[in-house]
Structures are given as C-alpha cells and as structure tokens.
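So this first bit is one chain, no partners, the form predicted on its own, shown in structure tokens.
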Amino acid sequence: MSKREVRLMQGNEACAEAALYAGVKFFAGYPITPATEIMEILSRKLPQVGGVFLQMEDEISSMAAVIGASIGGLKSLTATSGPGFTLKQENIGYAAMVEIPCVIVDVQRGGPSTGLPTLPAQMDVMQARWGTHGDHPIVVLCPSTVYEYYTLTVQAVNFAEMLRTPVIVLSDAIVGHLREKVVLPELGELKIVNRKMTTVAPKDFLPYKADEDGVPPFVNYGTGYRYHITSNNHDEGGFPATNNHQIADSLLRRLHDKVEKRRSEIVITEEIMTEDADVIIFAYGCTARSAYSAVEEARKKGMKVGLIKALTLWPFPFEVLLKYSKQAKHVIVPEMNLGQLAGEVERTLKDCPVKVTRLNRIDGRMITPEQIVSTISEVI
C-alpha cells in the first residue's frame, strides 16, 4: 500500500498546491489580503516545475497576463480578493467572450471598497456571477474546508479547460487562512482535464467553429495557425460580425449552452441529514461549517433539520432545492452578506409551499452555530 502524504495545511496553501497538481504553469497577480499566500507559494514553486510567475503592477494587468499565457497554451491562474476582483472584471468578460480558459481565485473579505481588509465576508457572490457586463456564462465553485479548497481548485482548472471559459473559485478569509489536516491525493487519483486541441490542418482551421459539445477546439498561438481574436461579436473565423444579428444570437446562446448542457457535471452539492428534514439549511463557504454544527445540535434536540451545502454557486443548484420543496416546510439561508444567494433560493421556491428565512451577518464575524439553531427554533 502506498503511503499518502498527510499535511496540516492552510486553505490558501491547499489552493496553490492544487493548482500545481492540476498542471497550472502560469500565475500573474498582485498582493492583496487575504489571498497573498497563494501568490507567495506559487512564486517559489512554479519555477521549480518549469512554470512562470509574474508579479504585475495591478490586478487589471494580472488578468490580462493570465489570458495571454492561456492563449499561448499554458494552464493559467490568478488570485485576489474583493477589490482586486472588481478590477479584473473587464478582462474576465473578455475571456468569456473569446473563450480563453483561466481560473480566478477570490478570497473574499468585507466590503465595499477597502472595507474590512482582514475580516471575512461572503459579499462577492453576485459580483462573481454578474461582475462583468453583458449576458455571459460563468462557473463559480465555493469551498468550505481546506480539502475542498484543494479538490475544487483542481476541478476549476478542469472546467476551465473543458469549457474554454473563465472559472472562479470563491473562497473567503476563514477558509483561506484555516489550517486543517489534509490527506493529499496521489498523482493520477484526481482526474485532470486538458483543453481539446484541433485536429485539422491550418488551412481548414476556424478558431470558433464549435464541435457538437459547443466548445471549439483550441490551438496555441505561434504554432502556424491563423487565429484572430476580437472581443466584438464574431464569426467562426474570429472576425467581427457586429451587424449580423443571427451570428450575434447564435454565439451568445452557444456560450451559455456549453455550460448549461453540463449542469449535471458542474453543479456539486452535498446533502447532509436531509432524508427526513422538515427544515433545510442552505449554506456555502465558511458559513456551511457553522451550519453543519447547527444541524448536529438541532438533531440532538429532536428537530428534523438537514443541510444542503452548495459547492457550486453558479450555475445555481436549483435542482437540489426543488427536490426537497415538497418535503421541507422551511429553508434557512445563512450568509455573511445581506442576502445575495437567498434571493436565488426565493426565486427557485417561489411557487412552492416552503417558507424561506434569511439569516445575515455583515460585521466581519462568523455566523455562529448558536445563531442558526436559534433561527431554527423560531421557524419550527
């Protein structure tokens, strides 16, 4: 039997190690609390595996560098927190439009603006979905443990490569700085996905001609293929088609469909003690930790309470909520903001006989298990 490596790891350390496991070879970023450890670790370790690390002058250029490296053929990642995430948004939209795979890690802190730079929050949920303008596809994964931070970072790289789209890992200051025991996966244990490359000759290549799965095969810049990139609405050759309404409609729908067609693979949730639950807690990130303890405590008191932990926030996991809509009488949504994801829960359950209760905290402190148990007692 092989001896697995066991470490006491910080969350941000797990993210950096997972990026290397997934084959990331390029990082560009700018220091920002509470995400800087990811940058520091990769600054040392990427050169050791033939990768490239760049500290850029700001977050805008960091995102641009990540896109450029990915165009050149490297799996690429950057990490930041809320204010830097805001600066990256224009280029995140660019990456979505021109279909460049990349991963953005956002270790959330309190806002708006500089806000609470060393304290946790979950205030970037809607920025992750709609921070860049226009109707665009996005995948957002959200860990609540150090091990999930590791596995979801690997999964984020896989989804980015598979779908040719930016993918966001939405962490927070608690999970990012938490230290837990992690049994590291062996090489080959976790699935690794590489982008689909073209098999046609240069003369036959169209950079945005999609296969049946909605994803165009890729080529690396500088390999003899003509590859025109524009963020304007474009045809299969990559050239502007801004006055062709049929092409505009077809392109935008394809960008969304390539994600929606894979909902069953992308949407990841964990259901805990939900089989007989009258009350469902819907939680994510650091708050899911408190929710788990609250469910255990409520069960000891004889209350039928279960937890749906969302590891994928976008696309929103409405299927699992609807699954319990006839069974549960109450859904409680604790989150460290003023209700950003609760609105999606309410929209999902608007035609169901289920009462949705919000539990919000925005002072830079965790929602405690006791607060959740108290809310459970109030709704039963």
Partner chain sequence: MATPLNLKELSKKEELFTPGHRLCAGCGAPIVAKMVVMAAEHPLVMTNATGCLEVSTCISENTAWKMPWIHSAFENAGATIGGIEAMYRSLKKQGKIKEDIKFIAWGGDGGTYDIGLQALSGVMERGQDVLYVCYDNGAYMNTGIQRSSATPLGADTTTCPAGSVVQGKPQGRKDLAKIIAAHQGTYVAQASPSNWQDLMKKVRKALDHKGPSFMNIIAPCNRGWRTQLNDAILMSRLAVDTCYWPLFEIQDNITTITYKPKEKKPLVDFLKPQGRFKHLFAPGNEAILKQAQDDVDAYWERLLKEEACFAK
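All values reported here derive from a predicted model rather than from experimental measurement. Positions refer to the first chain, counted from 1.
Another form, the form predicted in complex with its partner chain, is not on view; read the next lines as being about it.
- [ ] Among 307-315, 66-74, 328-336, 39-47, mark the stretch whose residues have heavy atoms within 4.5 Å of its partner chain in the predicted complex.
- [x] In the other structure, the partner sits against 39-47.
Task: Heavy atom within 4.5 Å of its partner chain in the predicted complex - residue from N243, T114, S264, T199 - done: Looking at N243, T114, S264, T199 one by one, just T114 meets the 4.5 Å heavy-atom criterion.
- [ ] Check each of V320, L349, A342, I32 and return the one that places a heavy atom within 4.5 angstroms of its partner chain in the predicted complex.
- [x] The option sitting close enough to the partner is I32.
- [ ] May I ask you to check whether L87 falls inside a 4.5 Å heavy atom distance of its partner chain in the predicted complex?
- [x] Result yes; L87 sits at the interface with its partner chain in the predicted complex.
Open item on the list: Since only the chain is shown here, I'm wondering whether Y324 would be in contact with its partner chain in the predicted complex (any heavy atom pair within 4.5 Å).
Closed with: So Y324 does not count as contacting its partner chain.
Task: Within 340-373, the residues that have a heavy atom no more than 4.5 Å from its partner chain in the predicted complex - done: None of them.
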